[in-house]
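Below you'll find only one chain, the form predicted on its own, shown as structure tokens.
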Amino acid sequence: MPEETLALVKGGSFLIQETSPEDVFTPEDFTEEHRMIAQTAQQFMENEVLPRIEEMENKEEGINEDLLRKAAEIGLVSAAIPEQYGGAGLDQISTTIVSEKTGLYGSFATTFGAHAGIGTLPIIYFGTEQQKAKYLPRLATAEWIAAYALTEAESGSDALAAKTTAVLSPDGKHYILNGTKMWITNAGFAQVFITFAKVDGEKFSCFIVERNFPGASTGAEEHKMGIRGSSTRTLILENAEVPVENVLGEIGRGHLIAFNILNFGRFKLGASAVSGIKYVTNEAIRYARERHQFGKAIIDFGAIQHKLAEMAVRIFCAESMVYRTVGMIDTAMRSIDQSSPLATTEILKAIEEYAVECSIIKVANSEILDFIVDEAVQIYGGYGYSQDYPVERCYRDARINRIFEGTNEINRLLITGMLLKRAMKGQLPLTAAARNVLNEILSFPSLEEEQNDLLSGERRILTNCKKTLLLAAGVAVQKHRDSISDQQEVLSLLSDLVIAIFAMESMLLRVLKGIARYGASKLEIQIKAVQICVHSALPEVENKAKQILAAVSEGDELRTQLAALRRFTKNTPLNLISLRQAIAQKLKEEGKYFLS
């Protein structure tokens, strides 16, 4: 647990209120226990997993199971499982650290996450006492390995359109399941499948299906572009007999399990990406220092420095968002009385509260990962296209993350959709905030006193980006009202603004907290990273806001809105080239990513 007590923050509230740096959790707040967990997980990956990558890529039998059991021996697999069921019962921050560190190799991250995350969490949070006692001790040791079976051939993003059916047997002892689940990670060796089916073809429900149940089988291994070291197969259910005591949760309420566990899955995916982007960036830095062209190391060329600096800035951003969010989740979870009969209901509320942030992190970090592996291949040049170098594999492995746990397109729609839904229910006063911005547009510009203290310019830009979002969202909702959900391009652009704001603010608050603790002189490079992030994001925010306004307004109305937008996005540019050069020079000296 963190040494300091953080304030309980409402999900999505970052858009309309100021957050104090003291109320944000950062990696610099890790306790000694957190640092020990990080070191243990890092060493496990470096000593046990990385040396066996070639074997895993070649799908040599038994390696994934063996590594999961070794991870279990040192408590990594059971981090989230309560102690009474053989687990470590660690806090949310600790389990996030484990997810981050196991992301060092994409195939193992996938295997680990499917077992310890989405395969086990449903039983932890929704299982009966009997189900927990039967399954969790075996899952904690990886004696049994778990999988999550939701997707079907015709129900990927639209999970509730599943065709798999469940019918109660005449003797009332079993549910008979029929259907096929697609793209099931760990299916080659999992003993436990968290499986979704419609009871009587209507009631979407969840079941714990064991591999040896009559009628359950798996297909052949899929041949995939990336994450080749993981097992992916279909789960085939042909009159599969599932005991009635293996219903997980309530009949007809499987969506609560599916969607809430996916929120966790999205968040953990974003967390695991952090380790991957650090690894790839360090490989690129090492190569750029060693590779010489035209008589000098390529790290001394401005074009390469630009790439490496941008990679470092994005890592710092991704990490800041992850630990800010887990700090909020952990605070909410610790406020729940786990012994209460209402604990599960409260846990559901806590998970759902930060669903927006979980989707933000999934989208942002999967795209940051894609950016970084692409730039790493470019730095390597022709060698980056060769399987003899690790960035080739990382490039292939990264691509799935924009599809996993709901595509990024779906998650973009979810981000805006959830925010608008909360606004309409009065749970988040976005409508009032948008109205205030529209009123401000109609008034004369205020003569604000110019502030010159450290990062005040960046704070002003952040505030104005929030106003820009509220302007664009307010106009779009006024235009389309109840049909706004049909405007996918507009909603996706609004989500991009939300993501940019959360990213900027997370970095800014982390650095401001660090300045208060250590002084500005100790954070010169981190300050430059924030400046690059904020000043680079501003024109992107402006451009996307213009697209939204042009899509919903025209004529004098549009011209008035664009004039207001110019008020919010007016800014004197910084010399970002010199800032990147300073970061790149430090990367060269350190020989690795060093901002955290």
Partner chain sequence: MRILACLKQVPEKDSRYKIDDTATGIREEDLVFETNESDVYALEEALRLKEKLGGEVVVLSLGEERVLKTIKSGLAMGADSALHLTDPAFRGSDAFVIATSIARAISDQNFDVIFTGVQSEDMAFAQTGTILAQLLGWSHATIVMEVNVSEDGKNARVKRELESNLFEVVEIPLPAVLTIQSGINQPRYATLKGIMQAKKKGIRTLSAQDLGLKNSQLGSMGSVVDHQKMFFPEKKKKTVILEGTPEEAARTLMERLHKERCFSRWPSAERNSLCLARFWF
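Residue numbers count along the first chain shown, from 1. Just so it is clear, the structure is predicted and the values come from calculations on it, not from any experiment.
Only in words, not in the display: the form predicted in complex with the partner chain, which the text now covers.
- Residues 37, 48 and 98 are all found to lie within 4.5 Å of the partner chain in the model of the complex, as judged by heavy atom distances.
- You can rule out all but one of 416 to 424, 73 to 81, 198 to 206, 462 to 470: in the model of the complex, only 73 to 81 has residues with a heavy atom within 4.5 Å of the partner chain.
- When the partner chain is considered in the model of the complex, only one residue from 176, 490, 150, 90 comes within 4.5 Å through any heavy atom, namely 90.
- With a 4.5 Å cutoff on heavy atoms, residue 57 does not count as touching the partner chain in the model of the complex; it lies far away.
- Shown alone here, residue 61 lies farther than 4.5 Å from the partner chain in the model of the complex, counting heavy atoms only.
- Although the partner is absent here, residue 556 lies well away from the partner chain in the model of the complex, with no heavy atom inside 4.5 Å.
- Proximity of residue 29 to the partner chain in the model of the complex falls outside the 4.5 Å heavy atom cutoff.
- The partner is not shown here, and in the model of the complex the stretch 334 to 370 never reaches within 4.5 angstroms of the partner chain through any heavy atom.
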